[in-house]
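There is one chain below, alone, in structure tokens, taken in the form predicted on its own.
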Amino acid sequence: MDALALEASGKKANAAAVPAPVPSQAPVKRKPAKKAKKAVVFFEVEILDAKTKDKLCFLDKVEPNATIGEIKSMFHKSHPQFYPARQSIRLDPKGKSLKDEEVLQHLPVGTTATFYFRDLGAQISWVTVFLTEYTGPLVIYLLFYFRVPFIYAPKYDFTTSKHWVVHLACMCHSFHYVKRLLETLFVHRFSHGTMPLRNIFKNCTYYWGFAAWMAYYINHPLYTPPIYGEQQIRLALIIFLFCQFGNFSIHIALRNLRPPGSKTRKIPYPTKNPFTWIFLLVSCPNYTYELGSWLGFTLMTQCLPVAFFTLVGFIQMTVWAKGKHRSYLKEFRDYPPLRSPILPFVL
């Protein structure tokens, strides 16, 4: 075999010895392993009577994010006579009622939770209560003002007073209660939708009774005007109107703090309205202005029943103002320290 033949045969052998290239393959993508879902721990809720400690209801498999309001709805299904607004659910038989928005898993209870139920009695909406309370004094006062029969002597039936302050007092009294009615319908936003029905009788007795007592003497045929005459009346009218507009301004400011349909609580601060600047010194200036209105009305009419009504109202508003002031201090750490409940630097 010649050299050329040997060289050619060697090249063929070497070519056969080299393996053919393997085609490249795309890497296989593996799906990430799914995370194991955490098992939801359901709660068991036991509701006992706050007085007798008898078991009223047992709720099984309650979700941990359930609210007290939802638990009330579940309880209502087994006890239809106790609608949610009528229920008070508590952690302790003598403790405070839990708020509807509180969440079960955030409460100091175990997976087997025990609550105590107390019946709040029949409920009525706050709007209905206020409309009833304020319509009464408005109508009752006008009956005395127009001197309808069977109130004074027959010879005074449907007569008018000779003193202009009597007519002014009627306009101021009517303005006050018309303002309250309109605020109830278009301004106020209530954190609680209802109140016990029994309270409406107590409240109406207070408002209606005092309205009749005041109106009887102010519109009496023998009524005498204030000692200092027109100067006293004009000063009293200025005080009354100033405080009425101040009271309205505070109600608007408080309304703007709470979005519709919510129960949000915020610290009230002064706005551009000068009537709200009193927030710098007082927690409840709506009561401060209310007191000022009735002091002005007392000075205008110089009537003892009006003064007594102002005193009783001041005592009650002071109780409310102190309670609200304490709740502000408890809820907000940065609450302004210079504020007083109702009277600057005094009370």
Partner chain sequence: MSAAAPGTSKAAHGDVAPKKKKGPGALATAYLVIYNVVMTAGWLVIAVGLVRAYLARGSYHGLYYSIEKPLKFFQTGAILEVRKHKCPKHTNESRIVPSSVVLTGFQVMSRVFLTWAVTHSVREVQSEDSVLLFVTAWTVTEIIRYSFYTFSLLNHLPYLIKWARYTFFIVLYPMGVTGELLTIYAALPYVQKTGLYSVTLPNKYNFSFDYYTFLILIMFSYIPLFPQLYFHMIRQRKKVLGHAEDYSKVE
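Positions refer to the first chain, counted from 1. Please read these numbers as outputs of a predicted model, since none were measured by experiment.
Omitted from view is the form predicted together with its partner chain, to which the following refers.
S.K.: 267, 327 and 329: each with a heavy atom within 4.5 Å of its partner chain in the predicted bound form?
M.R.: Checked in the predicted bound form: no contact with its partner chain for any of the three.
S.K.: Classify residue 72 as contacting or not contacting its partner chain in the predicted bound form by the rule of any non-hydrogen atom within 4.5 angstroms, answering yes or no.
M.R.: Answer no; every heavy atom of residue 72 is more than 4.5 Å from its partner chain in the predicted bound form.
S.K.: State yes or no: in the predicted bound form, is some non-hydrogen atom of residue 222 no more than 4.5 angstroms from a non-hydrogen atom of its partner chain?
M.R.: Although its partner chain is absent here, residue 222 would touch it in the predicted bound form, with heavy atoms inside 4.5 Å.
S.K.: Heavy atoms within 4.5 Å of its partner chain in the predicted bound form: does residue 313 have any?
M.R.: Flag for residue 313 set to no.
S.K.: Find out whether any non-hydrogen atom of residue 286 is located within 4.5 angstroms of its partner chain in the predicted bound form, and reply yes or no.
M.R.: So residue 286 does not count as contacting its partner chain.
S.K.: Note which of 50, 68, 303, 57 lies within 4.5 Å of its partner chain in the predicted bound form, where distance is taken over heavy atoms; exactly one does.
M.R.: Selected option: 303.
S.K.: Exactly one residue in 228, 242, 201, 217 has a non-hydrogen atom within 4.5 Å of its partner chain in the predicted bound form; which is it?
M.R.: If I apply the 4.5 Å criterion carefully, the residue I get is 217.
S.K.: Given that the partner is absent here, state which listed stretch (141-149, 186-194, 209-217, 102-110) has heavy atoms within 4.5 Å of its partner chain in the predicted bound form.
M.R.: It is 209-217 that comes within 4.5 Å of the partner.
S.K.: Going through 123-152 from first to last, which residues have a non-hydrogen atom within 4.5 Å of its partner chain in the predicted bound form?
M.R.: Not one residue comes within 4.5 Å of the partner.
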